[in-house]
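Quick heads-up: it's one chain on its own, the form predicted alone, in structure tokens.
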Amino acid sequence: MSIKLFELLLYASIYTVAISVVSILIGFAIAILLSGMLLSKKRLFITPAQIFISFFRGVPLLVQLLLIYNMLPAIGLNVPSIVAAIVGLSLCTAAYQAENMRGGFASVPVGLIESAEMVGLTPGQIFRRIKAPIALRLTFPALVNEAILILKASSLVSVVGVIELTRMAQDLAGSTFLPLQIFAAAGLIYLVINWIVALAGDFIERSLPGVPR
């Protein structure tokens, strides 16, 4: 395989990483809201969150992407395919991240929260100084794992016409008749990207307050 073909795969991998990062960040923001709804004591908030999570965890991501891609134009939103792909990945990862975060917030010791209330901390201060840091430490490994899963799952966005690493590999394999070399190179690129994410996640986790070094 020529250097030119490998460069095309590397260029396509930029889209893979960009789509994944944006989706993970948007999903994280949605997950915070969902986890708060799950931990509330009002059925009005709990039920919608449970339905959302059940749907996006129970329906295959490929079906979700195709559904969103075809639904957006049907409701008058004519957006680029890359936007539909990001929406689909964001909603899917939000469902999984929400469950991880719910477990993290639920694991915060009640006695610690009560002590903070006794010394006069406001609910906002308790969340910022106690709940959020502890929940982040507890759920961070799961969040890194979810990021790696989304990076790999981003290969599915090719079904809605996004030219990312997998789609580029398919096109090049079809035009050069070198499927083994092309897909092996694509797999290597995925491996390196996920390896970097895992190393970065391990470094950040060790840097978090309260995590043994």
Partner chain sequence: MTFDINVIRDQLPAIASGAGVTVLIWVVGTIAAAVIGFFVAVGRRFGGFLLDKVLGFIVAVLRGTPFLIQIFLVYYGGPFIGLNLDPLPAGLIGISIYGAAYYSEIFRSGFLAVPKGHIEAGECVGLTQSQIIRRILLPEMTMLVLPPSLNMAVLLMKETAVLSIITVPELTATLSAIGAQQYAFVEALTVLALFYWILVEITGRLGHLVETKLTRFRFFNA
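Numbering follows the first chain given and starts at 1. None of the values given here were measured: they were computed from a predicted structure.
One more form of this protein, predicted in complex with the partner chain, exists but is not displayed; see below.
Checked against the partner chain in the predicted complex, the residues Ala49, Ile163, Ile26, Leu66 give one hit for a heavy atom within 4.5 Å, which is Leu66. At least one heavy atom of Asn70 is located within 4.5 Å of the partner chain in the predicted complex. In the predicted complex, at least one heavy atom of Ala74 sits within 4.5 Å of the partner chain. With a 4.5 Å cutoff on heavy atoms, Ser35 does not count as touching the partner chain in the predicted complex; it lies far away. At a distance threshold of 4.5 angstroms between non-hydrogen atoms, Val144 is out of contact with the partner chain in the predicted complex. Scanning 50-67 for heavy atoms within 4.5 Å of the partner chain in the predicted complex gives Ile51, Ser54, Phe55, Arg57, Gly58, Val59, Pro60, Leu62, Val63, Leu66, Leu67 in sequence order.
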